[in-house]
Structure formats: structure tokens, C-alpha cells
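Before any questions on how it binds or moves, here is one chain, the form predicted alone, in C-alpha cells.
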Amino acid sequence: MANIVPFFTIIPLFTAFAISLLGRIFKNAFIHTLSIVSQFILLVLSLLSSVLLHRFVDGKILVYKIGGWIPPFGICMVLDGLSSFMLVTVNLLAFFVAIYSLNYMNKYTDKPKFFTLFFLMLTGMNGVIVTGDLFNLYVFLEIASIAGYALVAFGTEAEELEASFKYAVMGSVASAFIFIGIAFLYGFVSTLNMADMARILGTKTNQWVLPFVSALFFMGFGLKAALVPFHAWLPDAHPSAPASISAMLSGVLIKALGIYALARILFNIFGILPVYSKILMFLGALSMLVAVVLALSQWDLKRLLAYHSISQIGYIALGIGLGTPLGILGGLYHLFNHSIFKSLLFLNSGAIDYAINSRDLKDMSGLRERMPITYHTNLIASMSIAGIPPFNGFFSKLIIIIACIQSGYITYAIAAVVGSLLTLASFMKVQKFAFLGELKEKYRDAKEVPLAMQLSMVVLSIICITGGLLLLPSLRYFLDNAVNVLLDGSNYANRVLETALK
């Protein structure tokens, strides 16, 4: 069963090269077919691996030994509850974004290049999630990041190129912090295998290097996750990118390259310490409040959504930072929920831009009349992000708030409630100015977006409505297995090394 694991990087990498080599020859039909089939296979594999891992694998972990070399002597790929959870999240969203892009990318000039970069970015994200080697994590992170820089600039207008340049500069700074941290850590433990690192660190008494490396990782992965105060690149990058890429950047890229990687290192390699928890919680609460206040004053729809991405990442960091079973459950659950509703909001913004060629809320009015599907799906996503019951965002935010209260962090609980109220106010503004009121004369000819774009938006809105079902006992394993990996801490080392020897 471990042979499934490398296909999460092989399939998107093969698809990227096939499209780049053959896309111009066989045109759109080939690109569309290969993209959707490849992404569907990835989604099925991720769902299948999650079920098989839970039901049939002792210890809930699979280790694939590249070249047959046993770690730590060889490179390995690891599939456990947390990586399985992230793979489902990433590939579920990527599938619907790929469907949405079939029509949406007609606005742009070069579909082969777009889908090539899209699948390279997906290769990087999947690689970060399944790798068991810290240097390979860095390599896959760079693959995803460089593809992301190019996709932000895909429109090639001055605004896109400037935003991409800022993103590339900040991303390169983040990568430098991460690389230096890995170099120091390698010099200290003489191994790059993550499990072996955790094992060796558990035996060393004078861990002088950890505070310095931890600071580098907080800055590097904090930049990748766009946590305040490392967030400056994101409000420029998201409005400039095509809507489908904004959905990927906000929905999964900043989580896979930032939150997931940081949580994996802090919990499973270093072993979570109280000081790490406090830093994560503080950065989370700061991001929640600062970003949502900045969002309130925005009139560019995609820029407003970008600030809300930073705010919602704060909830995830707060929940995981608590380090309690309930807190981690809330943080990971909100990670999944945010991937769905925030991506839906960006797809909605793309639908509006596709129909009327504008992102300025002051310039819109009454679009509900001409775009009923977009209106209703946007309303559902807005209620979800604001934490209104019975939508999925309500349950994950409630769990985080309860976890804060249980742990005695009343101030953080209040901050989470205030953040939700301000989020609701912000999206009431969006609904009022974009969809309600009288339709302007210049938009009389506006019409609903093509069927493929509608399909993605409708399915994601259905997941927003039914997302609370993940808390049912029969489905709860999807979250619980991921939570247990982080709670297991540096025992991750024993589980990986023992499994590799079987």
C-alpha cells in the first residue's frame, strides 16, 4: 500500500510536462481532458488513501522507501493521518479549481503554460506534504513557490508583474530563512531525515541550536503562511493573480507551505514547547484582528478577500498553537473549512470579474438579478467565513473558542468572537454593494458565468453547508487521525523508523 505515496508527486509532475510538451499540438481538448483526468485521479487516490490508512493500516502510517533504502540512509515519503488530511484538502480543492479554470482561463492567452504551472505548483504542495526529508521539503516548497510567482504574474500587466516581484522577493527571503535553519539543524544532528532528526534531538541535552533555528522557521514559514507581521506580500499577490490561482494561493498554498510545514516541524521534530505555543497563539490572534480591521476599509473585492485570508489563517494558528486536543481539532478543522469557503469566495470574485470586468465594489450594484448562482454561492460562503450556523465555519470557530476558554485564554476567545463579528460586517458590505440594490444600466447585458465555473461554485457551496457532518462519529476519523499525529509529538520518529524496518 505504501506504493501509492509517490504517485502524489509523479502524477502532477507528469501532467505538467505532458501539457508543456504536447499542449500546443493538441490544443484545448487535450489540455482539458488530461488536466481533469489527472486531478480526478489525485482526488480519488487521496480519498482512498485516507480510508485505507484508517481501516487497514496498523499504526496509521505508511512509509515509502525510495530506491529501497531504509531511512535514515535513504530518502523516504511518509503518509500518516496529518499528511492524508492535507492531501485530501489540497487535491479536493485543486480538482474544482481545475474545472473552474477550463472556461475562466479563456480570458488569458496561454492555457498550456497556465496548466503546466498549475500542476507544478500542485507537485510542490503534495511533495511538501508527503516528504519525510527536511531538505526535500525545502525543494518541493521552492517548486510550489516559483510556480506561484509565475502564476501571480500570468496576466503580464504592470500590476501583476509588480505584485509577482514583491511576492518573489518576500518568498525568497522566507526561503532563505528556512534554508539557513535547515543548514544549522543539519550541522547539529548530521541527518536530514525528519524522523531521525526527532530521534537525535530527543537524546541531546545541550540543544543550543533550537531557539535560533526555531526563530528562523517562525519567520520563514510565517512569511509563507502570511501571518501578521509577515503578511505584506499577500494583499498585492491575491488581487493580481487569476481568480483560480487566488483560490489556490489562499485555499491551500499558504497552508501547505506555511502552517502545515511549521506544525510538522514544531510538533513532530522539535516537540512542542510552551514558548512555541505562546508565539503561535499570539501571531494567530494578531493576524485575526489586524487583518480583519484592514479588510473593512477595502473596496477592491479581491484585496478585501486577501486580508480575510490573513485573518482566517490566524484562527488556524491560534487553534493549533493551543496544543490541546480540542484546540488542534478546531485549528485543523478550520484549515479544511477555510480552504473551501475562501476558495469559493475567490471563485465568486472571478465570476463577477468575468461577467462585468470589474472588482471595484463601489462600481457594482444589483448583480443578484443577472447572476443568481454567483449571488447565492457567495452568500453561503460569506455566512461560512463569518461563522454563522449551520455553515461549516461556525463549527470550527466554535471549537477554537471553546478550546481557548477551556485552556484559560479568555482574551483569545474574545478576540476570536470579535474577529467573526467584524468579518460578518465586512461581508455584509460585499453583499450589499455587489449584489443588492438596483442594477446599473451598464450591467444590463451581464450574464451568469459558463456551466463549468458554476459547477465548481455550487459544489463548494454544498460542502460549506454540509461541512459540519465531518464531526459525525463515522466521519470524524478524518480529523481525529490528523489531530493524533500532532498530539503524538516527537514519537513520530519511532513510528516512522519502526514502520520503515518492517
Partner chain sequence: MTLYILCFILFCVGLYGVLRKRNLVKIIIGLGIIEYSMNLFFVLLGYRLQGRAPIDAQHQDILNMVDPLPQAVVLTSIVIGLGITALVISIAIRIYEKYGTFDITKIRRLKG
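Model, not experiment: these values are computed from the prediction. Residue numbers count along the first chain shown, from 1.
Omitted from view is the form predicted together with the partner chain, to which the following refers.
Enquirer: Using a 4.5 Å heavy atom cut-off, which of 424-432, 326-334, 174-182, 87-95 contacts the partner chain in the predicted complex?
Expert: Residues of 174-182 come within 4.5 Å of the partner.
Enquirer: Identify which of 307, 375, 409, 114 has a heavy atom within 4.5 Å of the partner chain in the predicted complex; exactly one of them does.
Expert: Selected residue: 307.
Enquirer: Name the single residue among 361, 168, 414, 200 that comes within 4.5 Å of the partner chain in the predicted complex, judging by heavy atoms.
Expert: Only one listed residue qualifies here, and that residue is 168.
Enquirer: Any chance all of 161, 164 and 303 sit within 4.5 Å of the partner chain in the predicted complex, going by non-hydrogen atoms?
Expert: Yes, because 161, 164 and 303 each have a heavy atom that approaches the partner chain to within 4.5 Å in the predicted complex.
Enquirer: Going by a heavy atom distance of 4.5 Å, is residue 369 a contact of the partner chain in the predicted complex?
Expert: Contact check for residue 369: no, nothing within 4.5 Å of the partner chain in the predicted complex.
Enquirer: Look up in the predicted complex whether residue 296 has a non-hydrogen atom within 4.5 angstroms of the partner chain, and give yes or no.
Expert: Heavy-atom contact with the partner chain at 4.5 Å: absent for residue 296.
Enquirer: Flag residue 104 as yes or no: does it have a non-hydrogen atom within 4.5 angstroms of any non-hydrogen atom of the partner chain in the predicted complex?
Expert: So residue 104 does not count as contacting the partner chain.
Enquirer: Verify the contact flag for residue 149: yes if a non-hydrogen atom of it lies within 4.5 Å of a non-hydrogen atom of the partner chain in the predicted complex, no if not.
Expert: Residue 149 belongs to the contact set for the partner chain.
Enquirer: Heavy atoms within 4.5 Å of the partner chain in the predicted complex is the criterion; list the residues of 50-76 that meet it.
Expert: Result: empty, none.
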